[in-house]
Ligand SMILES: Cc1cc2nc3c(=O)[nH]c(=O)nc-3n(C[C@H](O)[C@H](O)[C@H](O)COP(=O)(O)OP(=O)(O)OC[C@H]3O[C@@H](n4cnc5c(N)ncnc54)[C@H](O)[C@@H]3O)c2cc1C
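Presented as structure tokens, the chain that follows is alone, the form predicted alone.
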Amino acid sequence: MTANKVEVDVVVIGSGAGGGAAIQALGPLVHAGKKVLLLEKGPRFDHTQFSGQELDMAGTLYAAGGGFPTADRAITLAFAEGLGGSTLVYTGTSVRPPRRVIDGWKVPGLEYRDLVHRLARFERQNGVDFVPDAKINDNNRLFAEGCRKLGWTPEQFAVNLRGCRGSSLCNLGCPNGAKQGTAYVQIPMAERAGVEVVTRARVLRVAPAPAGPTGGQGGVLDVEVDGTPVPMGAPSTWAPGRWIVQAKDVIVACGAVHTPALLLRSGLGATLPALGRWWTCQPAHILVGEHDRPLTNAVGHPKSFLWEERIVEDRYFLEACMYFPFVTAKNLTGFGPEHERLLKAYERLQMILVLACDDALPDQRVAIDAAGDPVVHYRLTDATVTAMVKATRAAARIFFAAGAKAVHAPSARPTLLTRDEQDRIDERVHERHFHRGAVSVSAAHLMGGCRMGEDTATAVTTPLGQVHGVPWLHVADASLFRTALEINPYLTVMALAEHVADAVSRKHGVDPEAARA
């Protein structure tokens, strides 16, 4: 069967925070007569299709239903597949990166002041603001109250919402279209500028364009368009089958799992020793505290407060959170009567998300299997286990200070702590009870694998996101990060992606800042 062929000036692969920001930044190229294309592996969804049914939506929106496993199957990774990427299922948390982290990367030309300038523009576009006090639900209010009673200072998240009705369904796709992800802001802006967007298009590999009178510049993408009927999401605008896309510049923004995998499938590992390596994330698990009364957790925004006073010294932070019954059950260690009793108390459970900031190490990496699919080799270090145990102790103190009568702590034996054990938290919650693979750990903030830098031994791209030795190939997502960011990375990803896309625009003769003026 003959493949369809398309020629464009620039193609972006992926539509999450990185791809969405990059494709919007490239809109002015269309006005300059260039052809710009966005390819997304997942479908285009309409927000009215988001039912809020946990198992249905998790299976539809998330890779592997939200349980993409690491190689040792001890940790699950959560990332979405669809137009908008993981901005479909995040809570809209909009946090600026710590200056110490960006400065610590020591990437020439990457200035914190420039990133903040870009971040501020995305904050305005996405309607970033704080949830009003009147709409703070019990779960978030109790988190803040518990912190303050302990003499700790909780901080409120800014979130990117417009017209939020308080359904609390952020992680399952907002049914009201209130969450301002890339599918609702940046990608429509790019489409209005004339960018073509094609969904259900999986890029199998990229390669240099063949040499010849008209070739030899740019790259060629081998693309497979899926025409299999699905219960949700629009069909692709391209006919099913194989497509060959030739582009003068290619920007890969498939995320910290799929971007390294695509480059490895394309044979770039032989010349890029850092490819896939220095991968990291923020390992997390949910803790619950049982109260005597029902809590209003299933209304309002699920995540409004965090506590991060120990992030520098002890490498962890805490967030108020709300998850649905299946994910909550998955995070409760153990089986039998105690597990069942806590689930029956679901409406009385306060929840806190424990997150650790792990180091980026060269042996923590993304590889590919025989079929070319990604395999993530990541294991919790002893230091990260210690951070998660310390975080669990802090969360337990917040629960009890907020009035909980019992706390489920995965790194305690037995796992249930009662009020009369508050003075024994450090003794009861301990590293000796944290058994890798037995404690349910997941991660959503995935980073690294194509880190930026000038040294080709330890970096995959230049400071402008260009893959070393491949002038037509660029990366614009969280895989560029040199270390864990310590906070929700999505705004930083957008700023970095625009930084990369602007360099590509200049290659094509367009001044991006003048175009945005």
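The first residue of the shown sequence is 1; numbering continues from there. Given the structure is predicted, the values throughout are model-derived calculations rather than measurements.
This next part talks about the form predicted together with the ligand, which is not shown.
The stretch among 474-482, 26-34, 52-60, 457-465 whose residues place heavy atoms within 4.5 Å of the ligand in the predicted complex is 474-482. Distance criterion of 4.5 Å from any heavy atom to the ligand in the predicted complex singles out 87 from the list 126, 280, 350, 87. Note on the partner interface in the predicted complex: the residue among 289, 92, 410, 146 having a heavy atom within 4.5 angstroms of the ligand is 92. Heavy atoms of residue 44 never reach within 4.5 Å of the ligand in the predicted complex, leaving it off the interface. Contact check for residue 39: a non-hydrogen atom falls within 4.5 Å of the ligand in the predicted complex. Not displayed here, the ligand is approached by residue 17 to within 4.5 Å at the level of heavy atoms in the predicted complex. The closest non-hydrogen atom of residue 118 lies beyond 4.5 Å of the ligand in the predicted complex. In the predicted complex, the ligand lies within 4.5 angstroms of at least one heavy atom of each of the following residues of 444-476: 444, 445, in sequence order.
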